[in-house]
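Quick setup: the structure tokens below cover two forms of a single protein chain, split into structure 1 and structure 2.
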Structure 1
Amino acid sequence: MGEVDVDPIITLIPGIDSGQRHLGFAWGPGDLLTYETQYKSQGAGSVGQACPFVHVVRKDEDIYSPILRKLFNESHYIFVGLQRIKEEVPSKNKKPQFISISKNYRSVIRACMEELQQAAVSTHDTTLATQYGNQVSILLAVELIWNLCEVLFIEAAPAGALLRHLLDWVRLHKADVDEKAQEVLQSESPVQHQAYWDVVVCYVLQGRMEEAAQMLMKQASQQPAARAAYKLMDTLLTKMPVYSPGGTQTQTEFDVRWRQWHQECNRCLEDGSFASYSQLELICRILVGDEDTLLAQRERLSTWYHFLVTRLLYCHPIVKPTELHYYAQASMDMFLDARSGPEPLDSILLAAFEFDIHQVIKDCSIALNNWWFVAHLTDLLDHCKLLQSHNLHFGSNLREFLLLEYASGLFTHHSLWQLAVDYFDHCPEFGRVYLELQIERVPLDTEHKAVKVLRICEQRQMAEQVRSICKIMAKKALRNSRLGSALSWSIRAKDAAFATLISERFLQEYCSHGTFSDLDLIDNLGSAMLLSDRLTFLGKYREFHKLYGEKRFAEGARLLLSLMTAKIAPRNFWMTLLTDALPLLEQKQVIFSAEQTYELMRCLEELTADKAAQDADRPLQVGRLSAGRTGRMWETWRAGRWDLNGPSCSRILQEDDIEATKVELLRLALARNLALAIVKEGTIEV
């Protein structure tokens, strides 16, 4: 630790003069917040106008590009598919699958690149076009590296086959030859076309012998005099031995044949068969692998790795993977001597040729501003069991570290966060912790989104997060006075405390309005009622009202009493319950039995005793009421003009008086009912 691989890049923030001002900053998950501070450097008295902005500094802009979003989405599918292979196929021989997955990744990169190219061409905005152009060149490099890694690490071809793959690699990334060839062939006279020889030589440099020979045939038919020379070249080109790893040919056999062919080329050169045809001689020199001739083709080769592959093709066709890096280093030195030095891409490729996977990943991480590439490549290589030896000083391992970084970046995006979940899932050590921390911070604008986030948490048994999300939603609903909605959220979260709070609100609402809201919900609570005591009470109390409404008085009375005796009802609500009992006591038929009436009385006394204890220092309120006054009130109430819970009552009397009156009325009603019940029960017994 401590050493820095490359010097940090300086980012200038527009609008802030860093020479004059001091900057404060705070880290975000994928970005940085910077702001100007008020700190004064010594003596500088004039603070001047401070910059009123907070700047968000983002390292990764690509995530916000609509075209690159497709890359993230499509590769997500491939990534998930790759993780499934591990589970489904236990056999060791999974190489073909890994190769096809690697190819899938690359085709996604290519598709993305093509779209970016089109966008760059069609846009009129020059800055946008440059931006697209830059992204294309990054993707090109990424694809180039990926392809090489696929050839060297995943395919891991043995000597002989290795070169074929490398040739394919070079051909794929130097496709401008085909465009040029198309142009030449479509012209009126291909042979006269100025790019004709260019195309032929490029074909030869890429080892595309048949195509080169076909091109040459056209020239031969135009120059009857030179037929012999062209014929000879045609033979040389078509006869070049090609190693096919699947065939019957052994490596030694191939070596012998190749040497013969090589000698033949040399002989042709020495006896001057092509002496009068400069272009054919050039081709022949390439065929014998003459280094100076090859180096002279710098323009056509354009890169040192093309030079390397061509050189291997004509000098060392059965190069072993272990020898590769000698040639690579040498080719690079030879090719780049004129220029200043290797660029990041060059050193990454060189590291790949040296089979130093970790160096490749490290250099890529430094050179690219996005974790997409390294995370996916590392994951794939890890599946191929190529990364076991390396341990980090931090985190768990390289694969997981990179995946976590990539996924955290995705999580900062307003929409791509959903993809990140699957990446976290496949990080065995810290994935879950990361997910837990990130998922709680997803802004929940709609219930739709909340339901989706909840499902993610529930699938992973993240009880803590489920509770917090439901609580957020319940709070939100409560703020909008959507009690029903709030209640259903807290039921989903099994959050007893919050359910109690909401139940209180329902009861308060009942007390002030005399009616329940959200009946559809409360009537259908079912077993959810048992979540909290208060909710049970709410449900049961509503049930009482329903029974009362349906004139099932006996059942209602029983329920009402049990609410108090079983201590389901909160004590401060008893008075309301007892008041609710009043009309039942006043029915013509006897509803409360004598025993039930005793129970009611006991409840009332308990309540008044409590109250008396509380008001011990105050004069007893009940005593202030004269018997006559109580009687008057009684008449009024019986006439139906009073609603004891209603607001009109409170306007007439002081609060204490209401309480006292209620108690008096209750006592009276209870006594009358008791008398009636005793009489009635007595009569039945006789």
Structure 2
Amino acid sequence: MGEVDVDPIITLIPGIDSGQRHLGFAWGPGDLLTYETQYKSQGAGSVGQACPFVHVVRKDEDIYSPILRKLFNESHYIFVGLQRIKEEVPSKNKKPQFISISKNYRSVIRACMEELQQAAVSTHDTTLATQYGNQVSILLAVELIWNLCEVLFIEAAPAGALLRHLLDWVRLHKADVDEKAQEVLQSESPVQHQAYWDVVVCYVLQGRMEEAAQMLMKQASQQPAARAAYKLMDTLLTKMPVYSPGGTQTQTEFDVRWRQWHQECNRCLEDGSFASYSQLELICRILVGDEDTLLAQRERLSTWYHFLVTRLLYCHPIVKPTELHYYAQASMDMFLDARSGPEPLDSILLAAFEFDIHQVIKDCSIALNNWWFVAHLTDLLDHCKLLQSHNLHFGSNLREFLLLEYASGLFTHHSLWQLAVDYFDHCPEFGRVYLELQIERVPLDTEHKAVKVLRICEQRQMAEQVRSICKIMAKKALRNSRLGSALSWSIRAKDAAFATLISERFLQEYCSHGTFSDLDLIDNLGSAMLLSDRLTFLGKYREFHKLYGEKRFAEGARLLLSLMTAKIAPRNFWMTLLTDALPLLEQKQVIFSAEQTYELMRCLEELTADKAAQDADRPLQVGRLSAGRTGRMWETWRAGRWDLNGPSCSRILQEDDIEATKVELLRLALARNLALAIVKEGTIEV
């Protein structure tokens, strides 16, 4: 398949004059951003102010059409179903399935086409109506090409049966004769209707002999004198041999019968049986396949491929597939005006008649404005084992290349990107690489969308993308002060550093407000708390609060002490833990044993020693409190009238060091508890 040089399509951008200023641009996944720069073009005179806008140029506007989005959605399900057909079954045995799938694709195209036609009629916006009309024209061409490919490549009908399929193809895409026939039959006098003979001749051109004969009998009933001529024409029409592939008749027998019928038509023409009736003579000339007569029916045939099928019907009814391209080329040359060359659609259809699949795909890729058609048709033909011989030079075969391009375009849409995932999944060579690159570009606008993207990545073991998504969402949540959500995302990302940072924020929040937010999350961390030491401490510290709330003081005391002795708790949080121990030290029953009390004292001394080392270089601001004043504070705290962490403490101790006060109170409580513990442990119960 040689390279075809085509001129690029010129896109005019309003407000930008490339002749006056240089243009700047930036490529995106499916778009192009362009803008005017401050640099003047060579030879430009004085120019005005530059265009202040940045323009988005899209090649594929169809994905933004609400109606055409249905085409993409419906065809996606057909595509996925096609991939599930078992490879073990031979391709020949799967032929009925492939034909059914092809018809399903065409039915989706036709449904969208009908909806677009209705929308074009109902809208009052002229621009929108024109847009819908253009889309209908494109879909008509797409369905025409697909149907022909289905006949020639997928069904691959042999000689004889091939012509029947081509007749059905023409009839389906030249349906205006049925509308005209209905209009004629519903009139008061059908035979007097101006379109009567148009309908009859069109029926004959399409090989619809029974319908043509029925229409002629209406005319015969109105003209008794001409009844014999009409009866003779009825005989010719109804006796025309039709080849049935599934019947007992061989091609040779059919050929003999057809030649006899053809000779009979010639005799009627030669002996002037219809000389007095111009319309009947015209029909007879069509039956004998007179080329000049057929060419004179250009308006009724309207296209060269209709002319081709009619010519084959009356001249070469058992044409072989290998001969088809000769007749196609000749028919196109005869039918089209020599002054105007073939349109892109003509070239595509001619390539199909030449059984050049790759040229069909290439020409369609150039002519159409998106990859939907070529991607799905190529995928179907590849499953039919018709494209195995053609590989691209850069590694991927033609099917995968087109699917990757189509899916990449879908990824630029805010909702269709989900469909693209399945297309990437069925591209074995480069699909995963493309998916990894494209999935990172999906904007994570909401948590619901992020969960969708995350689930897709998790199902495909895309660990790096999972971590990236979770980190992004965790940072977003943290910026919005949603600590619970941030912690949840960081756990899913298995990001120990970020989990540590968020745990610190939780602890800071507790120090500021005395409570934890998102208790459900912290209470159900489970094994996730092992992700980082700080997260482990957060979970265990919350567990201590639960034990305390349930009045399980002994278990809470052991847990609180273990947090410090095992070095799980950060050193800057030890004072808070020791302060939490005060209510336990003041319980009526002894909670901390003597050994545990010694451990608490050691932790307190370590903390005060570190504090003293830090303050060694600073002048002492507040001396140690007198024993009497400390005792009064102790009694005040025991009476429940003093909150060490509350604002009242700051008012009472305006010039005193609160931390020093806490230390003194802790020492008194520890000393008291130690005495009680020693007495209790040294007492022998009788």
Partner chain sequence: MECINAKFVSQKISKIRWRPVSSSTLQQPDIFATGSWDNEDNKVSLWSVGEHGFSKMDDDFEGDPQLLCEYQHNGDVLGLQTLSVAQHWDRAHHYPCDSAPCTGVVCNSPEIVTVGEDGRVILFRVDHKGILRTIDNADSSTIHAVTFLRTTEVLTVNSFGQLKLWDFRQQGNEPAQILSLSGDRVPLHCVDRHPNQQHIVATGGQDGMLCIWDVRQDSMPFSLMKAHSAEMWEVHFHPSNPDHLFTCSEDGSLLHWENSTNSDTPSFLQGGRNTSIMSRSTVVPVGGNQSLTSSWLGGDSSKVHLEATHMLPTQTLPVNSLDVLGQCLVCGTDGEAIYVNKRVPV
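Please note that residue numbering is based on structure 1, beginning with 1 at the start of its sequence. Model, not experiment: these values are computed from the prediction. In this text, the rigid core denotes the largest set of C-alpha atoms whose superposition between the two forms falls within 1.5 Å.
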Pair member that is the form predicted on its own: 2
Hinge of the chain between structure 1 and structure 2, where one rigid part gives way to the other, from 212, 470, 590, 403: 470
Turn angle in ° for the smaller rigid piece between structure 1 and structure 2: 13
After superposing on the core, C-alpha shift for residue 668 between structure 1 and structure 2 in angstrom: 8.7
Backbone CA shift between structure 1 and structure 2, residue 580, after core fitting (angstrom): 5.9
